[in-house]
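Consider the single chain below, provided in structure tokens and representing the form predicted on its own.
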Amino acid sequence: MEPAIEKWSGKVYELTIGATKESGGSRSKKVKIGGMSALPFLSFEGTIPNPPVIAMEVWDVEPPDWTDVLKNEYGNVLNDPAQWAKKCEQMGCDLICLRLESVNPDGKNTSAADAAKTVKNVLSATTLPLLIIGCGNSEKDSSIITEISEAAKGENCLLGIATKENYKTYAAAALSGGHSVIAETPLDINLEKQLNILMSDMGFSPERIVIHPTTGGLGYGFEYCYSIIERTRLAALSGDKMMSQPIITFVGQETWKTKECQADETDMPAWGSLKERGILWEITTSVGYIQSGCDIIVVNHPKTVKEMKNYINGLMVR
């Protein structure tokens, strides 16, 4: 009996992040994502040219809500994003995800010029390709993205996060600076496609978009998130060009804020060691999301990076 093999008519767009000296940038390597013509790791049904990649978050301020389990891994670099990024590179991640939290109007409310300076400092400190995201305030992020794009011009970064409120500004800035864009929508496959179409109508190539479906952490809507990502990937493989983008999930930010990763052992002794619990929660969430079809996983703990790279490498050689 012949094995049952699914044949697909479409494939995921392949996207490159980072520019080396030969292509006008200063990165030590380019990172490619997407390009597959089969479901995750099912190489017997199609091609899987690029494995999922792991990014680590770097903030431009010390994260106020991070647990000591995380902070202790970074020592005295939490107030220096350039040195923080350098440390993350040494920890073995594929990409640096710079979060410009200091521009938040509810926080330091720093300027676009300050943010652009931080971007340049981080680019000088690390040779890895960059993801650059704002503070999550749509209006403020829109006001800084043009200057951020210009500061990183030629480096082929991935900029975020574009939403239905600010996608025009993000698309224009990314076009000007030669970057790609993370497009975020609520967990709705139709809204994902709609935002991709709107950006494409502006002349922004759908091949330069990465989908962020506002995922949740393990135990907090994970199953529904998984199903949306899986449906997105199935649509791509079925030939829908406006659903054929790579996918990113911010696992770290969804993991470490949960009670399971913050509750002290004296309060919840049955939950076991707080240090081990948080790392396992992040690893387990990451495993689930790459199995659903994610191409970029953004995490916080260095042990997660090591374990996930071993896990991915093991699946890629099968």
Partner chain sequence: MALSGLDIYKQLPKTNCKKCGFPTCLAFAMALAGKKTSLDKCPDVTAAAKQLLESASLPPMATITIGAGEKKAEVGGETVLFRHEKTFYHPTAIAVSISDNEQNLSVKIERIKKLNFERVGIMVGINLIAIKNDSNDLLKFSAVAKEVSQKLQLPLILISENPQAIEEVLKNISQLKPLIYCATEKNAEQMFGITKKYNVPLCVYGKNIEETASLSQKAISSGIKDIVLDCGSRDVAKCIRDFTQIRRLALKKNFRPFGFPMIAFADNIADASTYITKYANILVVRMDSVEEILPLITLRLNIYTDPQKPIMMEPKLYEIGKPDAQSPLLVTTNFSLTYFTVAPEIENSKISSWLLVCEAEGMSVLTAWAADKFNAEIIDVWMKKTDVAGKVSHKKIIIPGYVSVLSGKLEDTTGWQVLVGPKEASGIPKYLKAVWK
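Model, not experiment: these values are computed from the prediction. Residue numbers count along the first chain shown, from 1.
Just so you know, the form predicted together with the partner chain exists too; it's not on screen, but the next bit is about it.
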Check whether Lys29 has any heavy atom within 4.5 Å of a heavy atom of the partner chain in the model of the complex, and answer yes or no.
no
Is Leu39 part of the interface with the partner chain in the model of the complex - any heavy atom within 4.5 Å?
yes
Given that the partner chain is not shown alongside this chain, does Lys86 nevertheless sit within 4.5 Å of it in the model of the complex, heavy atom to heavy atom?
no
Residue contact check: Leu191 to the partner chain in the model of the complex, 4.5 Å heavy atom:
no
Considering Pro63, Gly46, Pro49, Gly288, which brings a non-hydrogen atom within 4.5 Å of the partner chain in the model of the complex?
Gly288
Which of 73-81, 171-179, 229-237, 116-124 lies within 4.5 Å of the partner chain in the model of the complex, heavy atoms considered? The stretch 229-237
Even though the chain is shown alone, can you say which residues of 263-295 have a heavy atom within 4.5 Å of the partner chain in the model of the complex?
Ala270, Trp271, Gly272, Ser273, Glu276, Arg277, Leu280, Trp281, Ile283, Thr284, Val287, Gly288, Gln291
